[in-house]
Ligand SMILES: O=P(O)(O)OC[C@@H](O)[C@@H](O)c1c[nH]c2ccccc12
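A single chain, nothing else alongside it, follows as structure tokens in the form predicted alone.
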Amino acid sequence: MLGDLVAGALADAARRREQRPLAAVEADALAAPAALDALEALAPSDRIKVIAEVKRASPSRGALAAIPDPAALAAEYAAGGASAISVLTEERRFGGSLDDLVAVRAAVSIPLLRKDFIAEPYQVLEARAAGADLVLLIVAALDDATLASLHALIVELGMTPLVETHDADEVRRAVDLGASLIGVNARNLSTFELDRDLFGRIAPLIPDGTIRVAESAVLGVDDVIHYRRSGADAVLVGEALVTGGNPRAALERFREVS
């Protein structure tokens, strides 16, 4: 599944590159306003931080929410106290687009994560041109050389890489990379099964001074409490916010967890 998602994302990027060449996107990226400081926004504090996600669908759950106005949803997230907003831009299985990211950027002034299957520099430059402050890098999808080069490019452009891991070996690769922001995803991207306790097992491998983000398997306050007690500085939440009916109230409850 992960290989198919990466291949599809690269094919879509190739299509966009035909319409807008690399040089033009690079010029847009370099001309964009400076990226916001995501590490400051997500820095550990006495209460957990929340990255709220604009998410229409997923391969495991199918359609979740139509989200006709992602900017309006993002504004609700910001009003509810989200520390950052994740925008899924993958088109085929998640129903997102770069247009969503552009719309959200125009609506809020907190850091934005481009969440997609990033595997080449063109996608990183697109993210910066569209206003992203963070870019997701999935360790399982990348060899060491590609991971290092993309990480370096993201940092060079003033953005922050969120380096996503799923097991102890991937955490070690992220640490060796010098990642400042490491996520642990409870969802196995090959089988799409969830393991909420995965974070607690491998988070101790993440060194002090690195921001720890728990991803997936957050359906309510109890899950946020579970992750916080396991050492999470932040949680990334999508499904619970887009399906719950009142994202601002849900965020306010999550943010109370200390």
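Treat the numbers as computed from the prediction; the structure is a model and nothing was measured. We number the residues from 1 along the sequence you see.
Keep in mind that the form predicted together with this ligand is missing from the display, and what follows is about it.
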Check your understanding: According to a 4.5 angstroms non-hydrogen atom cut-off, is residue 53 in contact with this ligand in the predicted complex?
Key -> yes
Check your understanding: Even though this ligand is not shown here, does residue 36 get within 4.5 Å of it in the predicted complex, heavy atoms only?
Key -> no
Check your understanding: Closest heavy atom of residue 247 to this ligand in the predicted complex, within 4.5 Å or not?
Key -> no
Check your understanding: Heavy atoms within 4.5 Å of this ligand in the predicted complex: does residue 114 have any?
Key -> no
Point to revise | Answer option from 181, 84, 74, 136, heavy atom within 4.5 Å of this ligand in the predicted complex | key: 136
Practice item. Could you check which residue among 67, 202, 29, 189 gets a heavy atom within 4.5 Å of this ligand in the predicted complex? Key: 189
Review point. Looking at 87-95, 171-179, 122-130, 146-154, which one sits within 4.5 Å of this ligand in the predicted complex if you count heavy atoms only?
Key: 87-95
Check your understanding: Which residues in 221-239 have a heavy atom within 4.5 Å of this ligand in the predicted complex?
Key -> 236, 237, 238, 239
